[in-house]
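In C-alpha cells, the next block holds one chain alone, the form predicted on its own.
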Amino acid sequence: MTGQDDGGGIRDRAGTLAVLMIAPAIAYIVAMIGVPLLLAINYSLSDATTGDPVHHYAGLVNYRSALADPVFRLALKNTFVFALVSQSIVIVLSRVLASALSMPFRGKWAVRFLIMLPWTAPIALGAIGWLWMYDSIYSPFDWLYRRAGLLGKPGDPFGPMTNIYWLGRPTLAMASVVIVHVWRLLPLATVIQLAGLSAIPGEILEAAEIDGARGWRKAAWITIPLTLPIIGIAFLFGIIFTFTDMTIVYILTRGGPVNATQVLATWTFFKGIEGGDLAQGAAISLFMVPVLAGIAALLLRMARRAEVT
C-alpha cells in the first residue's frame, strides 16, 4: 500500500508537471516564430515572387543582391540610428519620469494615466495624429513658432519661410521619426523603471539619505546601480520594438525623402510585398535576426552580471 502511495499523482511529480505546464508556451512559440522563420529562410534561398511563388533554389543570390543594394545599406544604418538614438533618449526620460512618479504628490494617478496613453492607443492612430502635426502647411508646431516670432520672417531663428517642412528634409524627417518613436515607447520604459525603483528596499534609501546622499548623488550611487538590470530590460524591449516596427516610418514618410528614413522593416515590405519579390524581402528581413539575437544575449548577460554584483 505504501509503495503505491509513494508514486503519487501527476501533481506530485515536479518534473512532469513542469513539462506539461511549459509545453503550451513552447508550442505557441514554435508555431508563431519558429515556423515563419523557417519559411523565411526557405524563401530567401529561392527565386519566389508573388507572381510565381513556386520554390526554385537560388542559393545566396538574394543575400548578395541585398548587400550590394545601396538602399539596403542605408536602411540598415538608419535602423541602428533610430534604435540607438531613440532608446538612449527613452532611457534618460523614463528615468526622470519614474523618479518623479515615485514621489508622493496630488493627482499622481492622473499623471500616470496621461503618460500611459501613448502606449495604450493604437500606434496607427497615433502616427496619423503625428502626421497631421508634421503637415507641411497646417502644422501646429509651425503655427506656434510663427506666433512666437521664431519662424516666418527674415532674421527669425528658424528661417524666413512660413513652414519648416518636417517630413520633407532628410535630417528633419529622421529627427521627426525618432521623436515619434520616443513618444511611443516612453510609457513602457517608464513603467518598467518605476517597478525597479519600487523594488528597492526602503532601508537602503533611508541609510543613503542619512549618509548625505541626495538628488543626483543618490541616483548615481544607489538607485541607478541597483536598477541596472531593469534598465537593461527596458532598453532591450525598446531596441526590439524599434528594430521590428515599420508602422511609424510607413505612415509618416514611407521611407522618404529619398530613402532618408528607410529602415529594414519598411524596405522588407516594399521589396517583398509591394515589389512582389518574396525571396528578396525574406532575405532582407533575416538580416534582423542575428542582430536582435546578439543584442538580446548581450543585454541579458549585462543584466545578469549587474544583478549578481
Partner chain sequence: MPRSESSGLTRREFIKVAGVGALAAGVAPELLFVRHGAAASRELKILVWSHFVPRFDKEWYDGYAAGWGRANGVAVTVDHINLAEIPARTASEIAAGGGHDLIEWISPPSQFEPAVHDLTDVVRDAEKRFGKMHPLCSRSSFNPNTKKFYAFCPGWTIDPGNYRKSLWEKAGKPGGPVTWEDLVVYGGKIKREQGIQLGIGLSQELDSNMAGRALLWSFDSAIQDARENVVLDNPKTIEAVSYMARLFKESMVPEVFSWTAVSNNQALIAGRATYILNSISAYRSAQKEVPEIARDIYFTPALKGPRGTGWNSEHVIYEYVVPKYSRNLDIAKKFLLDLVANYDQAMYHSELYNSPAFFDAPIPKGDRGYKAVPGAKRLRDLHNAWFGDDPFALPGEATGKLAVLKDAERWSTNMGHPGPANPAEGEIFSTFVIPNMLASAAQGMRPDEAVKQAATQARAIFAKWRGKRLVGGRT
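Positions refer to the first chain, counted from 1. Just so we're clear, the structure is a prediction, and the values are computed from it rather than from any experiment.
What follows is about the form predicted together with its partner chain, which we do not show.
- Looking at residue 268, you'd find a heavy atom of it within 4.5 angstroms of its partner chain in the model of the complex.
- Remark: residue 136 counts among the residues lining its partner chain in the model of the complex, judged by a heavy atom distance of 4.5 Å or less.
- Not displayed here, its partner chain is approached by residue 168 to within 4.5 Å at the level of heavy atoms in the model of the complex.
- Within this chain, residue 84 is remote from the site of its partner chain in the model of the complex, having no heavy atom within 4.5 Å.
- The partner is absent here; in the model of the complex, the one residue of 58, 41, 246, 240 having a heavy atom within 4.5 Å of its partner chain is 246.
- From the list 194 to 202, 136 to 144, 94 to 102, 223 to 231, the contact stretch for its partner chain in the model of the complex under a 4.5 Å heavy atom rule is 136 to 144.
- If you check its partner chain in the model of the complex, you find a heavy atom from every one of 162, 276 and 282 within 4.5 Å.
- Contact annotation for 65 to 101: residues with any non-hydrogen atom within 4.5 angstroms of its partner chain in the model of the complex are 69, 71, listed in sequence order.
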